[in-house]
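Next comes just one chain, in structure tokens: the form predicted alone.
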Amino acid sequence: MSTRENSYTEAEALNLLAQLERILDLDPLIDEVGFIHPSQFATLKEEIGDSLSLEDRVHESTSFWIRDHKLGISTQILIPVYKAAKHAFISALRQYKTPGNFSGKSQDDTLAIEVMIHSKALLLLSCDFATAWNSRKLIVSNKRLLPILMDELHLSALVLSYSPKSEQAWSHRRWVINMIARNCSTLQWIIERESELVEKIAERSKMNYRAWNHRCWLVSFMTREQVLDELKKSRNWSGLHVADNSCFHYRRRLMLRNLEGFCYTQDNNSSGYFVETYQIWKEELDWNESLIKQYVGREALWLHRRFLSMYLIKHMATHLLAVSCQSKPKASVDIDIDSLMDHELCLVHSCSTTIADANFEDFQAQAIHSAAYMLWLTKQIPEYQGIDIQEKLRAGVGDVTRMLKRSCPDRSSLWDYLVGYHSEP
């Protein structure tokens, strides 16, 4: 902690807090918060020059910077302002929770406003202050007005602009959406905005599990049309971020959601629904194969393929048999899975043999991932398929194992163990 940070008096800290809260009140459209080193303020002023508006000049100081609805806070004042905001918030919350302050009188409204003002400033300085989030839930749940709920979404988005992995902010966002869902017949416009927000944050914050987990949670509110639209829109992003398993997990959640609709369809159109769903699955498999060949050694792509293959083998084949049991014999289903296995064997073989003339780690990783996929595949074939497919797979495993021993001889014992384990019935 610097000497300057300790030099602020209590009155100065309260004055800085008042400035921050005034800025937030005067510009409700602020959509991004950042923290700036004091030495950067002079540079920012030089870059802007005389183009500052009258409103921006009012806000201009050595502690805060606001421009185009972007707020910068000096790192030098963080600790004193945080302490002042925490003290003000705790004091206001204690008064608000005093017995008798829930009667809906004007004094109670004034206390609630104070809690909301101070908690907002506090959360912009310390995003994981759970008590501040919970106090806002308490007050909002007593109001249950859509504008207030939308303000909460705006605040959480503001927090996520500087702390995109804040679990408290994402959790609060889900709580708000659940509150809106109780009073709103449709959430399509909310879902669309949320999906766009997650994609925007994921672009800036790589491998953001919490953001993608939030997007997966939204799927349960989607209609089938939205699910299909999200599959189309997220495909391009996923194709450009093949190392991020979270985006493929999101696609898996969408595909399962679409599959749920087929499971609950009992009318005469169930056969047509299945054909469309099956086509979506096949297109995803083909697209995944093209990515595997284009981006060598990406484990997320092979894990995604496991999911696709598993549901084609087990779930989709079962429903195909149920839908067409009166007009299509069981042997036809076997032939489809047999063709799928032949194709998978060719893919694994092509990906594994690529390493023969290459010593790069990505090619070695590709061979290892394809071999692991082959070993996994041998355990996924239903028993009623007979021994033909199993024999093909075991023969393929043998070829892949010999190749792995040549390319990665230091792991020969591991390959022998895995092959022996997966060869057991």
Partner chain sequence: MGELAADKHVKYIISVEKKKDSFESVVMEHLRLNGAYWGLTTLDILGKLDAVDEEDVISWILKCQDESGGFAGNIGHDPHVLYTLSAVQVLALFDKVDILDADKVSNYIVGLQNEDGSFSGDIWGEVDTRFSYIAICCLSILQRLDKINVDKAVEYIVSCKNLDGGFGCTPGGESHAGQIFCCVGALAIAGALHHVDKDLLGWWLCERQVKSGGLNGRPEKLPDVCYSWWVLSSLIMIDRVHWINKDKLVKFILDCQDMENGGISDRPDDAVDVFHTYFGVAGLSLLEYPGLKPIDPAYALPVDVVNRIFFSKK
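Positions refer to the first chain, counted from 1. All values derive from a computational prediction rather than experimental measurement.
One more form of this protein exists, namely the form predicted in complex with its partner chain; it is left out here, but the text below deals with it.
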(message) Please tell me whether any heavy atom belonging to R298 falls inside 4.5 Å of a heavy atom of its partner chain, as the geometry stands in the model of the complex.
(response) yes
(message) If we define contact as a non-hydrogen atom of the residue within 4.5 angstroms of the partner, is F363 a contact of its partner chain in the model of the complex?
(response) no
(request) Evaluate T131 for contact with its partner chain in the model of the complex, applying a 4.5 angstroms cut-off between non-hydrogen atoms, and reply yes or no. (result) yes
(request) Report yes if any heavy atom of R257 sits within 4.5 Å of a heavy atom of its partner chain in the model of the complex; otherwise report no. (result) no
(message) Between its partner chain and F221, K233 and H343, in the model of the complex, does every residue show a non-hydrogen atom at 4.5 Å or closer?
(response) no
(request) Name the single residue among I66, L375, I36, V33 that comes within 4.5 Å of its partner chain in the model of the complex, judging by heavy atoms. (result) L375
(message) If the cut-off is 4.5 angstroms on heavy atoms, which of these, K97, R144, H154, K282, is the one near its partner chain in the model of the complex?
(response) K97
(message) Quick check for you: of 113 to 121, 282 to 290, 224 to 232, 78 to 86, which stretch puts a non-hydrogen atom within 4.5 Å of its partner chain in the model of the complex?
(response) 78 to 86
(request) Heavy atoms within 4.5 Å of its partner chain in the model of the complex is the criterion; list the residues of 160 to 177 that meet it. (result) E167, S171, R174, W175
